[in-house]
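The form predicted alone is given below as one chain in structure tokens.
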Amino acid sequence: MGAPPLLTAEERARALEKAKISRQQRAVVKLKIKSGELSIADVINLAKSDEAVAKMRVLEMIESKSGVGKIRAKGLLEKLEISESRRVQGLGKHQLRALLKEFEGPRGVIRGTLVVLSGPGGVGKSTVAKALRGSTTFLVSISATTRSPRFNESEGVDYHFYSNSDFDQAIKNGDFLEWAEFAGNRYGTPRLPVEVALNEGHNVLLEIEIEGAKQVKAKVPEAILVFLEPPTWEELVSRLEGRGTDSPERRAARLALAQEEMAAASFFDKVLVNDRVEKVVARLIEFVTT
């Protein structure tokens, strides 16, 4: 490869000025994406006639979309098999089609964000999820289980209660985003309601166990995984030992499992300490709105 051309001071100044103007143009476009004035389809069309927009990185374009952000943007690129360094002008035909389908959908609806809340048993996941039920920011997914309802639980509100044969059939049909077994019972996340909600533009919260979170990440790379930690180990032990619905054997099993689960935090995209439920709720809303 030959040496790069030597520029005169005047040529170098012109090149720097052109680069500055291009950055400014891209900044304006990104603001318009964030405000909703420009859709992803609009930007792709604009790139056909605007060199500055054509040279914008796809990552910059989609992370500017309100409710997407850096973590989800990178996950989406991985899912769509688009390099983080790819420019808008370098997108192939299939990549363009996949990108538009992801963001625009059949009716121009922006796909919602999937947030997975997990952590050791007793850390307060269900309390956080309960605080988000009825929220305008999230729909909280309802899990399926083969265990019997507790005295204070209702079908379709706390869980979908499946027979063992129904659960077996759902696994065979691929109806779960994830499923796992604990203490003789099975738990799973029905896939269809989650996909419908996301495609309608809703953000969805899954409150599930750690192994289930890993299964979801493998199937939905753009999902944001959030690990909920207790303020201290002693407080977690106190919560688990104070559960009135568990037998001594069940509490012992939960404590042993919690020790293993605490080591899984590094796998997650975000880690939150559950010192105050309202603080955790605010951070989860922040993840999908900024």
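All of these numbers come straight from a predicted model, not from anything done at the bench. One rule holds for the numbers: they count along the sequence shown, beginning at 1.
Below: the form predicted in complex with ligand 5GP, not depicted.
- Message: Using a 4.5 Å heavy atom cut-off, which residue among Ala98, Ala131, Val196, Ala180 comes into contact with ligand 5GP in the predicted bound form?
- Response: By the 4.5 Å heavy-atom cutoff, the listed residue in contact is Ala180.
- Mark Arg250 yes when one of its heavy atoms lies within 4.5 Å of a heavy atom of ligand 5GP in the predicted bound form, and no otherwise. Yes, Arg250 lies within 4.5 Å of ligand 5GP in the predicted bound form.
- Message: in the predicted bound form, is there a heavy atom of ligand 5GP that lies within 4.5 Å of any heavy atom of Lys219, even though the partner is absent here?
- Response: Lys219: no, not in contact with ligand 5GP in the predicted bound form.
- Should Arg150 be counted as a contact of ligand 5GP in the predicted bound form, where contact means heavy atoms within 4.5 Å? Close contact exists here: in the predicted bound form, Arg150 approaches ligand 5GP to within 4.5 Å, heavy atoms only.
- May I ask you to state whether Lys125 is within 4.5 Å of ligand 5GP in the predicted bound form, using heavy atom distances? Yes, Lys125 is a contact residue.
- Message: Within 4.5 Å, heavy atoms only, one stretch in 90-98, 197-205, 181-189, 68-76 touches ligand 5GP in the predicted bound form. Which?
- Response: That would be 181-189.
- Task: Please state whether all three residues Pro231, Asp275 and Arg283 have a non-hydrogen atom within 4.5 angstroms of ligand 5GP in the predicted bound form.
- Result: No residue of the spot touches ligand 5GP in the predicted bound form.
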